[in-house]
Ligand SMILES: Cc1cc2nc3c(=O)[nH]c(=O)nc-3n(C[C@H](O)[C@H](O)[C@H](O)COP(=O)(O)O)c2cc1C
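One chain is shown next in structure tokens, namely the form predicted on its own.
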């Protein structure tokens, strides 16, 4: 082991033991806004934005496999893993559901920017959970894992509540849901659009007063 590496490692360990930031040495006074020592995970969380404009090509399946793997490594109560994940990048599938959506929403016919009902995302992930509601929280954790993993790879995403609402209220979508081959007793809970971003939305202000420390 090189001496310089040993010295650097010792210094880092000393800083940790002292409760100080390794870069600025401010200890408890160090904040994310004032220090450039944020790691890649924190940077991904703080910079992720919901994307609603995408390049038309579907996300590479190798990349999607990594994103799905990150999702499946989310925690779940008693490790029950009460979810079923289905990745759809078929233009025929997405287009077929969109055709049904257009029938219910004729105003989309005059919108030249409207390509599909999933915010124009070329890849859609459906997350299903048991009908009894036991997987709601766990599936939410899975979804967030996937969206953060995607952003770290330069891939945008948007959670699509309207799509799930449309599926639930439109019996004509049943043939498409059957094609997902979900386990018995499962229903679609979350839909997420994924794609290569074609926009750079500005961050919206967060109300930090929503969280407080209780003594």
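Numbering follows the first chain given and starts at 1. Predicted model, so just to flag it, every value in this text is computed and none were measured.
Although not depicted, the form predicted in complex with the ligand is the subject of the following passage.
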{"property": "Segment assignment from 166-174, 179-187, 48-56, 62-70: heavy atom within 4.5 Å of the ligand in the predicted complex", "result": "48-56"}
{"property": "Contact flag, residue 148 vs the ligand in the predicted complex, heavy atom cut 4.5 Å", "result": "no"}
{"property": "Proximity of residue 155 to the ligand in the predicted complex, heavy atoms at 4.5 Å", "result": "no"}
{"property": "Those residues of 155-190 which, in the predicted complex, come within 4.5 Å of the ligand by heavy atom", "result": "158, 159, 160, 161, 162"}
